[in-house]
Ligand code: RBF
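Before any questions on binding or motion, here is one chain by itself as structure tokens, the form predicted on its own.
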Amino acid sequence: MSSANQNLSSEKMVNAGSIDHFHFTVIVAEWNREITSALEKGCIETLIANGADSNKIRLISVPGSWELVSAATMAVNMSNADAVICIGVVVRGDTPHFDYICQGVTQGLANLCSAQTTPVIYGVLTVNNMQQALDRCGGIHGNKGDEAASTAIKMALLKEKFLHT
């Protein structure tokens, strides 16, 4: 679905349930830090605003979006994360590098999601230019970091629901 007319950042979570017991791992790519830091900020603020315990939010930095897959795999397999949020941005350039990175990251995270039960949230912007990235990290299209956090909360609650039924 196109996000051209979507801004879910202003969506308020209603009766989400208690989330102060959940452990969240937020993995953030260092590449295009101007963008990823804004996404990270939105993500963390949304987690805390919805009741997450700031002491149970682990922030991990990786060099670029490509490394999100490896770090997310480690987080799923080697930590007590109830949800893993991957934040990055890939901006189209003049070479096919963009396509390879986007495809690899997307497929890698999708494979990880389907191979286990810890929610892994895709908070990676794949944009044609920096303006599109700016529009999605606090600009006219909201902050996709907020949306990634909301998705992580909903998925952690869903997993908990399955475990207790």
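Everything numeric here is computed off the predicted structure, so don't read it as measured data. When you see a residue number, it is the position in the sequence shown, counting from 1.
Quick note: we don't show the form predicted in complex with the named molecule, though the next part is all about it.
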Among the candidate stretches 106-114, 131-139, 41-49, 24-32, which one is within 4.5 Å of the named molecule in the model of the complex when only heavy atoms are counted? 24-32
Can you tell me if A71 lies within 4.5 angstroms of the named molecule in the model of the complex, counting non-hydrogen atoms only? no
Given that the partner is absent here, does I101 sit within 4.5 Å of the named molecule in the model of the complex, heavy atoms only? yes
Taking heavy atoms only, is V76 within 4.5 angstroms of the named molecule in the model of the complex? no
If you check in the model of the complex, is V84 within 4.5 Å of the named molecule, heavy atoms only? no
Taking the named molecule in the model of the complex, which residues along 44-83 bring a heavy atom to within 4.5 Å of it? P63, G64, S65, W66, E67
